[in-house]
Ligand code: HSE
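In structure tokens, one chain follows: the form predicted alone.
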């Protein structure tokens, strides 16, 4: 029997709660299938308190109590009141699963959390784009120095494999570029425009359905896609991209006339993010692109995401799947936990 894997969860929003529920529901199957005896020992939520029990939390009871009260500290056992940093540095967790809100400008406070965990010799899995986009190479070096792993599968396409697919499943292939639809909000808006709905109306509907925030700037101006293509460019192609290196054009300038003109040429407009090699340097761009209908990416509609990886062996390989949602993102985190356990 393999030893138990102690996990601390930082962040208890939709993603964190979904991860806790998934570990509860799949515990026995994970143990049987992978030999992974996953034990959640601590949880910290920004406004929901914190709880720690070195012997493991009873997730059935904890989630029931939380659903009734909205507070982790209503759980009758364990140590309460620890800060997120204390949970990272002072508990017996071996893996820190980080699922807090992204700050793409500074990466904080998550960047400090990740550095502290890696420096303490603890593995980190995160769904937070901030540290992955802003400091991937630095954090990967810190992880290697301390003999642990820093894994970020769910930062790009949620639970749909993108990073591990490119770096592990395609191992042995030389990858020359990665391009894709990596923002579901803009993909939904453009698909609605093709159906005849003006941009403003499509945006309002996206907000009503919860696909777009009240302030949609990060999506429609391309900043979310910039962060994700920086991650892909740095991780998959070995670049050192900064946000200022990425050419960026959002979709706010796309008109119904543009959409109709593309249709007349049997093309479809998609917000495409691409990282590629040019003269030995990794470069990246985000821009609305007219794709021929024969391109697999042209047929990815709604809130689906997709990436196409260019290789020297298989040429183009495309992966399509959901790119958002608490459950999908939680499964991305879980896949990284399983990968750490396997290694």
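Think of the rigid core as the biggest set of C-alphas that the two forms share within 1.5 Å after superposition. Numbering follows the first chain given and starts at 1. All figures in this text were calculated on a predicted structure; none of them were measured in a lab.
The discussion below concerns the form predicted together with this ligand, not included here.
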query	finding
Heavy atom of residue 125 within 4.5 Å of this ligand in the model of the complex	no
This ligand contact at residue 228 in the model of the complex, heavy atom, 4.5 Å	yes
This ligand contact in the model of the complex: residue 162, any heavy atom under 4.5 Å	no
Distance check, residue 332 to this ligand in the model of the complex, heavy atom within 4.5 Å	no
Which of 87-95, 71-79, 208-216, 269-277 lines the interface with this ligand in the model of the complex (heavy atom within 4.5 Å)	208-216
Heavy atom within 4.5 Å of this ligand in the model of the complex - the one residue of 114, 189, 182, 99 that qualifies	182
Interface residues of 304-324 toward this ligand, as seen in the model of the complex [heavy atoms, 4.5 Å]	323, 324
CA of residue 215, rigid core aligned, shift of 2 Å or more between the shown form and the other one	yes
